[in-house]
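Next up: a single chain in structure tokens, the form predicted on its own.
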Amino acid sequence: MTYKRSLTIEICGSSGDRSLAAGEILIKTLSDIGYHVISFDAYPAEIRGFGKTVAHMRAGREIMLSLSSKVDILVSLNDRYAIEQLKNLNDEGVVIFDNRQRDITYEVLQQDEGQTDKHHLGPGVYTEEEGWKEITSEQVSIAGHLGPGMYLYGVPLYQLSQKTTNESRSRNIVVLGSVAALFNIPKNEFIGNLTAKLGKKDKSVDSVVAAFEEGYNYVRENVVKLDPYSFERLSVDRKGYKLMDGNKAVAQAAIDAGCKLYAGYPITPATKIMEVLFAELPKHGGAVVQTEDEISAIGHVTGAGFAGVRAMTATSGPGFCLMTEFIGYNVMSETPVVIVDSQRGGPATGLPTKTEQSDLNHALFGGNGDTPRIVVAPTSVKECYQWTAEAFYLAEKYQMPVIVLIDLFLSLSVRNVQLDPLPDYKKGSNKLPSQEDMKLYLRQKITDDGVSPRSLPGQENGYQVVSGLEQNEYGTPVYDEYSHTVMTQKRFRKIKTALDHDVPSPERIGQKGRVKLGVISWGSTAGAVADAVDSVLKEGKSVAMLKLIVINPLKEKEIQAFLDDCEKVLVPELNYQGQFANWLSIHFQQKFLRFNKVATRPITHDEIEAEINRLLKE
């Protein structure tokens, strides 16, 4: 590439334009030729309907941890929607658009008759009340909305698509050919990925490749390149890297960690975890059950955990709420379960296709009584793999629920990552009874570390009663003050043991020693914080960050040491209340500055950088 550390590309269209499919092929190709990539797509919540879809990706020579709010290259498959994206385009940004859009034939679905009626309308917009409504080319064309210094390239996407496939829906492939030619991306890599995507035996593969070639050749023969941007193949060894999103990383971690049962109910954005495991888990001796609801899902996982089987469920906020009672049950019965919660906008059904970090309160406090649980929040796709696998180890070792908090951004963000193999000791951590224990088996035996020996069903003399009632060491229900106090202390002692033996110290990044501003981050926002801190450090500013993955229990001594080094402390997060800042305030006598957004999209590094600079100037 040229002078830029990275380039951000958007392909914008409407539902049915296959913008996201084009983005998937483009990001795969950029990864194949040596670039680090990160992506995040935006799409409507409705299963079928009209609305804006945007494939958003960033590619660079160096590892990037976050998205940028500014776009360098905007590809328009629908000018009406792409015009809305121009506000994010850099002053020297590039726009690729259809310069013959008056010839487009729109397809309007007549739902009451179940038939498709085609109308030659020219430029237009769609509303449910009026259907397609013609408007002037000046209103609809993106060409009339560009600012000075921007680069505009017109390609007859529709005509070239009709020429090769006899339909307009191949415009996304034509535009990929145009992008390849304009930015010097090796076309053979594109064609290979197109063929792999469709399958070599697909009858349409030849016409799709032809559509790509038409776009490529048109730009080569008719377009004069004026912008400074270019991709070239990098001489980088990417062996061992995998292109995956957070959901795939979670599913792969479950397989590698020895999960044998996944139970779940489909819910955006966690459904893909179940889809991957449906295909892959049976190959590894496991089973997947699609249950009738989330209550049944956590019930299946609880039963498997009781039987000594590593099991997991994944859901989003509304489903997570339904699992609350079972969280308390698993705490009381000391049953290991792993729950992955991919957070989306709430409350209630909320915003199914928008990201947020607003389930933290529920993850920490959801449930009646004193219900200790371990809560972890990965900050990247690679950490989705590492910490989902770790969750199985912790749940089994400490016989309690472990909640893995990701979010829609991490679930769907695609990156090329290199996964480290799991240590063998992480694959089995059940504390089995000794021969001495089995002489008089006590399921809830009081121990120094709070963890009792756990017999499995069918083990001789390992009889136990399992209920949600308070119990003594024998598992007998009890209601007296002494027993409840002792058993509550035991359950919380497990948290202390986990803190001392299995919770890593938070990672400090940036300036050492005393700093003017410290930033504490958690979850997916940590990537944007790290990129922002790196940027302001290069300007010589006094700043550092602390990245937390384990949210409960907290490494209080290490966090306090960081706080002591900071004149001010900022906590950015994607929720309205500042839930993580509130959690920290319970533990530390410190004023935390808050940067809270409910923007329905990830916080970007430049937004946090601007806030850091503002605070440093005060």
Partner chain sequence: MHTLHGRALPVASGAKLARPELTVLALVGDGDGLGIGAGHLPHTIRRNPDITCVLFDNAIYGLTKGQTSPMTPQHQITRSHPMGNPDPKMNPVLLALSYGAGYVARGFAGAPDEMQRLFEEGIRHKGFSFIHIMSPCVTFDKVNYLYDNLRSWVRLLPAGYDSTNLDRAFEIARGVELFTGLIYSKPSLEQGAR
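What you see is a predicted model; the values in this text were computed from it and never measured. Positions refer to the first chain, counted from 1.
This protein has a second form, the form predicted together with its partner chain, left out of what is shown; the following refers to that one.
Annotated contacts: Ala287, Ser296 and Leu456 all touch its partner chain in the predicted complex [non-hydrogen atom within 4.5 angstroms].
Only one of the listed residues (Thr315, Thr302, Asn416, Ser161) places a non-hydrogen atom within 4.5 angstroms of its partner chain in the predicted complex, and that residue is Thr302. Site annotation in the predicted complex: the residue of Tyr229, Phe306, Phe190, Tyr216 reaching within 4.5 Å of its partner chain with a heavy atom is Phe306.
Of the heavy atoms in Ile495, none are within 4.5 Å of its partner chain in the predicted complex.
Within this chain, Asp437 is remote from the site of its partner chain in the predicted complex, having no heavy atom within 4.5 Å. In the predicted complex, its partner chain sits within 4.5 Å of a heavy atom of Ser467.
In the predicted complex, its partner chain sits beyond 4.5 Å of every heavy atom of Leu281. Note on the interface: of 384 to 392, 498 to 506, 288 to 296, 537 to 545, the segment with non-hydrogen atoms within 4.5 angstroms of its partner chain in the predicted complex is 288 to 296. Counting a residue when any of its non-hydrogen atoms is within 4.5 Å of its partner chain in the predicted complex, the hits in 322 to 353 run Glu325, Phe326, Tyr329, Ser333, Thr335.
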